[in-house]
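Below sits a lone chain in structure tokens, taken as the form predicted alone.
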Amino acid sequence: MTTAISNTTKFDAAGFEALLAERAGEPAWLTERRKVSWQAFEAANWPSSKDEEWMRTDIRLFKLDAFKPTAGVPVAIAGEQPLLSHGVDLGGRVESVNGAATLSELDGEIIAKGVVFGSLSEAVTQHGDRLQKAFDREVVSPTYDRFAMLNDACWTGGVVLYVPKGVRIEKPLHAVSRLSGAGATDMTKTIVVLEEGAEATLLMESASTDAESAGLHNGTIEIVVGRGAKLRYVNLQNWNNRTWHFAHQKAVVGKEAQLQWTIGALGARLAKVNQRVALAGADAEAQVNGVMFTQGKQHLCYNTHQHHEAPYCRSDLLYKNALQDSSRTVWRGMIQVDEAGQRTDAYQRNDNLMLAATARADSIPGLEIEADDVRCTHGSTSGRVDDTMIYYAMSRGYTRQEAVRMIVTGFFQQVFDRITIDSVREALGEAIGQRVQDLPNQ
């Protein structure tokens, strides 16, 4: 087993120059962009509790110097089998270790249709001019905060998916990112573009190769769904519980396009994710599904934003969280409707199942509406497991843990029913079931 971690360089000026030297084959426009973002990073401060978005997420214990940039030639490692691709006939797959690609495959018949799928790091050297447009679009702002600046300057890997106009990919595509070794970093950027009338399913997941090594993920995901296109996108975050996870994710959905976006958040010591969907064309539709399960002292913070920029659009968001031990989740949801977003139909809901009295869930839905002909609703619930339900199940011969597992599964069933991909539904259910501990008396 090997890892692609530098033993000497850090995320400082010398380390950045070493990164540029190692990536000398990249287009000049990308090198210049990295330099601009690095300068912005050096001039900026880390977010603090004084910032509204961060007031419930404390990162004072996060030390960037504890992590090393990815360097050298990556070598594939033997990790656990990916969860989302089990039993699935894939059209292509990408694997990476510590933010560097180790495997990239795509069926020949899909390549023949003009589809590009693989490592972004390799793609920018082969299709630099074609990808510049996607970078220049800045779906995720590279200056949003210091994490975004660091990512834009120092990303080493990630995935690119480009589907030309009218092309439908029947088989799902899959990508897995792994962290291996103490101080490892996964600094990735993912770009997905579906042209008009295209259709695809992309499954992405992350995992650590052991339970003890501290790691860092700082990533961005940028999705563009063209007019009349249809994308099913799944992202499962399954790092170990010593990993710091920071991410900016945004999708732009065009006219009459459809997006189904499912997120599973199970791992990480601390996660701070901004997930945004912009309905930019009339009659666009987005369904967002979220499943979070926390344990120990995990802290997962997800900010969601449904932005209706055009008329006759629909968005439907459902996040369900289950918490045990002393873990904490923070969900801040916002539905924003511009004046142009007449006849909007938007919904958001967050439900929390408290499996321990010491767990905490912050749920903050919000509306910001400038149009006068819309239907926008939101809701939030938090509650504990009903002891009578456990008693009833145990009276039928189940152990206490089996009873709790059934109740938790039932709690998530509403989200599972919305997921149309069998492997995803089964993987999430299995992963959550493995984490359920015996419920202490509350």
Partner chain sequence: MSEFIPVGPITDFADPSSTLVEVDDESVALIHAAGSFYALDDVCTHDGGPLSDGPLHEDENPPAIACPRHGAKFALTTGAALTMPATQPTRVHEVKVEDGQVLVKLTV
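Keep in mind the model is a prediction, meaning the values are calculated, not measured. Positions refer to the first chain, counted from 1.
The protein also exists as the form predicted in complex with its partner chain; that form is not presented, and the subsequent description refers to it.
Practice task
Give a yes/no on whether R405 approaches its partner chain to within 4.5 Å in the model of the complex, heavy atoms considered.
Solution key: R405: no, not in contact with its partner chain in the model of the complex.
Handout entry: 4.5 angstroms heavy atom contact with its partner chain in the model of the complex for K297
Key = Yes - in the model of the complex, heavy atoms of K297 and its partner chain come within 4.5 Å of each other.
Problem - H378 within 4.5 Å of its partner chain in the model of the complex, heavy atoms - result: No - in the model of the complex, heavy atoms of H378 and its partner chain never come within 4.5 Å of each other.
Practice task
Answer with yes or no whether R56 is in contact with its partner chain in the model of the complex, where contact means some heavy atom within 4.5 Å.
Solution key: Yes, contact at 4.5 Å.
Problem - Answer range among 378-386, 405-413, 392-400, 47-55 for contact with its partner chain, defined in the model of the complex as heavy atoms within 4.5 Å - result: Correct option: 47-55.
Exercise for the section: Quick one: from R276, R360, R146, K320, grab the residue that has a heavy atom within 4.5 Å of its partner chain in the model of the complex. Expected result: Checking each option against its partner chain in the model of the complex, the one that comes within 4.5 Å is R360.
Problem - Proximity to its partner chain in the model of the complex, single hit among R242, K255, R349, R314 (heavy atom within 4.5 Å) - result: Of the listed residues, the single hit is R242.
Handout entry: Contacts with its partner chain in the model of the complex, stretch 99-121 (heavy atom within 4.5 Å)
Key = None of them.
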